[in-house]
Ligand SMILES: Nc1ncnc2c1ncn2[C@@H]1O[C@H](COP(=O)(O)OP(=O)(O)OP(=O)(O)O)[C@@H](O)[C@H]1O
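Taking the form predicted alone, here's one chain by itself in structure tokens.
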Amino acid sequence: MLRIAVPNKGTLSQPASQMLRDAGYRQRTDPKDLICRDEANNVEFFYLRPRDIATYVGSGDLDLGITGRDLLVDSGVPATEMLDLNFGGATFRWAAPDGALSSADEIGGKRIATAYPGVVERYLAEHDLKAEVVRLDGAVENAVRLGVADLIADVVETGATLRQAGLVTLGEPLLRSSAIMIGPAEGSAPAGVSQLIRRLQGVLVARSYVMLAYDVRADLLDSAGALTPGIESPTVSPLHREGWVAVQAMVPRKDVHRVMDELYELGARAILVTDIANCRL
């Protein structure tokens, strides 16, 4: 039976469980449950603290896990990223008092406060820099004002909290994180892993695309097809109305309104959009 770790709480918990449901896997109905067995798919889910998941997967005690890229890097355990799940995004940046540093290249020799020492230490090692890492559990924005650090490394969303603390960001992000599926760094994948990955990839595609259907004159089909090329090619069927065809194609969700407008201007009619629940490509 495939054994998979799922975040028990936090911002990754609900999206992870919903994605697994969308992929056809049974999930717990009571948030207090810590184990859920999906007999139909031969999978057992364990609900764990997100920060602990990489440890269980890296040790080989669990086959797969869903966690944040930041938590995987911070753990330092031998686990590998298998699939970006495209939710739970976070950006880690350097921040220091305005005017104290001109760029991130000057962090060498400084004291850096962070709740993610593993992330910072990996960056320092990759860039051959030496610095003192001050580990804190939270509210690292106050570390500089309280005198325990010269700069911080933390998740930055709008930057409002940093500005309140008199800090500004430096240079490019040191890490862009999102929810990922991870597996052990070594060893062959157990039965069921390939199927799980395909199902999750199907969910990701379904969330990014919609099915667009429309009618158009046959002599305009090439122009319409250029707007809706689909994944491989559009599906075209003749209509009872002479000289017209019906077209179906997958279109990126983010572009669908623009494409509908351009199709209408071209002369297409009966333009319909349908959500895709899942797919295999």
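By rigid core we mean the largest C-alpha set that fits within 1.5 Å across both forms. In this text the structure is predicted, and so the values were computed from the model without any measurement. In this text, residue numbers run from 1 along the sequence as written.
Same protein, other form: the form predicted in complex with the named molecule, not shown, and the subject of what follows.
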query: Partner contact for S75 in the predicted complex: the named molecule, 4.5 angstroms, heavy atom; finding: no
query: Proximity of Q18 to the named molecule in the predicted complex, heavy atoms at 4.5 Å; finding: no
query: G68 within 4.5 Å of the named molecule in the predicted complex, heavy atoms; finding: yes
query: The named molecule contact at Y116 in the predicted complex, heavy atom, 4.5 Å; finding: yes
query: Check all three, D22, K254 and A277, heavy atom within 4.5 Å of the named molecule in the predicted complex; finding: no
query: Among the candidates V168, V155, A189, I197, the residue which, in the predicted complex, approaches the named molecule to within 4.5 Å (heavy atoms); finding: V155
query: Which of 118-126, 143-151, 202-210, 85-93 sits within 4.5 Å of the named molecule in the predicted complex, heavy atom basis; finding: 85-93
query: Contacts with the named molecule in the predicted complex, stretch 43-63 (heavy atom within 4.5 Å); finding: R49, P50
query: T158 C-alpha relocation of at least 2 Å between the shown form and the other one, rigid core basis; finding: yes
